[in-house]
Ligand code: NAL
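A lone chain, given as structure tokens: the form predicted alone.
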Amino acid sequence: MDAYERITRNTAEVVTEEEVRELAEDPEGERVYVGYEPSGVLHLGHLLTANKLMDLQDAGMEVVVLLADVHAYLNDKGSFEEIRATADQMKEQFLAYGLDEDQTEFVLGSSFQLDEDYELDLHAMQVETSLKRAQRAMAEIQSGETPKVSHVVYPLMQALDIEYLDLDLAIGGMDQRKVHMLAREELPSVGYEKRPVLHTPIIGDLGSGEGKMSSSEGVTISMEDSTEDLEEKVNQAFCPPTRDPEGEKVHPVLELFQYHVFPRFEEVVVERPDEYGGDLVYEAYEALAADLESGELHPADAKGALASALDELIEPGRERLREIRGE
């Protein structure tokens, strides 16, 4: 695939296509980032954007991972000491998962967000941005919590981070879309250029196919899960024998194959006894999804292959966690 296809594959939105195509003409050395609140163990939501970062590294881009300790503090995730300890742990997990250490720069937000120039620019953005606009940007991330002043400062800082980290491209899940649109609207108001953005999909809740996979509610998979825990969660996953479940539901098993497994494996082997037709081998997601739809691939067999692949993906991070914790 060409650079543009690699940069944009498995994205839900490209903002804008023209800007990203221009970037793809010579991606070598261009800087791209994702920001993460250091708030716990990495889960599949984090790793979806990490997969995209690996695509971008393969295209020659330099990756910046912002470990947003100030954002986490504003979001009441603990003391700075606790948050920074978690940030160190997250860095180790990302590297274990597969980010190229030579092409990845890890940055603590507090290393630049407390500087005078940044603070003055933040105040300038506060003057230019309406309260309603900032609240709208933060609404999805806030998740129904009682609004606080920190919640409207948070997205303005995300916008400024793009400038202060000297970035050419920003990455985030679709839940970050309103923040990124605010950044594109408001950065020019304080004299900075807007940047293109890629948004990755939101994986549905594993157990129900409704809403989104979250570490705080529903069922998710993290690097903390043992092989047995992971298998149990996948075996209980919502997996209808169709690509398009009814109503508002999505198909989390197929989503995990599409966005997590096939980008990292050249082929997927579904092991089956000879009496049930023998093993199935897939080199592309579409073939697997079509077989599930047709009935050639039973949901139980699909889940077994998914659990095996996910376990292989998170094992290095799981092992690194054990080392950190002295287990």
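Keep in mind the model is a prediction, meaning the values are calculated, not measured. Residue numbers here begin at 1 and follow the sequence given.
Just so you know, the form predicted together with the named molecule exists too; it's not on screen, but the next bit is about it.
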Answer option from S222, Q158, T200, Q93, heavy atom within 4.5 Å of the named molecule in the model of the complex: Q158
What is the one choice in L42, L66, L288, L56 with a heavy atom within 4.5 Å of the named molecule in the model of the complex? L66
Residues in which of 123-131, 68-76, 245-253, 188-196 have heavy atoms within 4.5 Å of the named molecule in the model of the complex? 68-76
Should Y154 be classed as touching the named molecule in the model of the complex when contacts are defined as heavy atoms within 4.5 Å? yes
Can you check whether G35 is within 4.5 Å of the named molecule in the model of the complex, heavy atom basis? yes
